[in-house]
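In structure tokens, the next block holds one chain alone, the form predicted alone.
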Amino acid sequence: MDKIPILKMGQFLLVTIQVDMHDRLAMTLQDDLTRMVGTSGAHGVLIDISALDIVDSFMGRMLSSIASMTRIMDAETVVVGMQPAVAITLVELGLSLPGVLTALNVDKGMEMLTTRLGSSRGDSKASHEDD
């Protein structure tokens, strides 16, 4: 059975999808991620989809569901690495991915999670706007 590895990096979980997604694998990822957020106490999830050429409507809904579930569990989710063709297809399909934060790449996604986590926890070091 295929599984997508989930890596823990400090208070974040990192998922890099390197295989073609099918519905069962997407559902397994959703279950594994929500379980790992609960057991690890992670406050952020970063999902890298840069290797995906296609994101269909089911996968789009799964990303949105994962973001909603992790948010309820006190963790933000950022999807990074979306290829232009994938973004165009999602817009043409009318999918807006409600509740899903996106960033251009892993660096920007980690920066977004760190800033949001610092802001929500009242950490003044994460906010450079006040300096």
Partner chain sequence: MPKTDKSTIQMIMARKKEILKAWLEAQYDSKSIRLDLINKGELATQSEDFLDAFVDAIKTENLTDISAPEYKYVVQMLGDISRSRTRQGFSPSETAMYVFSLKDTLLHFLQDAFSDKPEELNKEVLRFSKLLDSLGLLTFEAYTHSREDVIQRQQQEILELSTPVIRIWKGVLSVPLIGTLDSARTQTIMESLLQQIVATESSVAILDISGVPAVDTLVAQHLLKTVSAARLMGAECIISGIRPEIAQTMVNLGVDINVKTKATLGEALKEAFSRIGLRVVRSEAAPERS
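Positions refer to the first chain, counted from 1. Everything numeric here is computed off the predicted structure, so don't read it as measured data.
The same protein has a further form, the form predicted together with its partner chain, not shown here; the description that follows concerns it.
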Taking a heavy atom within 4.5 Å as contact, would all three of Pro84, Ala87 and Glu92 count as contacting its partner chain in the model of the complex? yes
Are any of the heavy atoms in Thr34 no more than 4.5 Å from a heavy atom of its partner chain in the model of the complex? no
Should Leu104 be counted as a contact of its partner chain in the model of the complex, where contact means heavy atoms within 4.5 Å? yes
Is Lys108 close to its partner chain in the model of the complex, meaning a heavy atom pair under 4.5 Å apart or at it? yes
4.5 Å heavy atom contact, Met59 to its partner chain in the model of the complex: no
Assert contact residue (its partner chain, in the model of the complex, non-hydrogen atom within 4.5 Å, options Leu52, Leu29, Val100, Met69) equals Val100
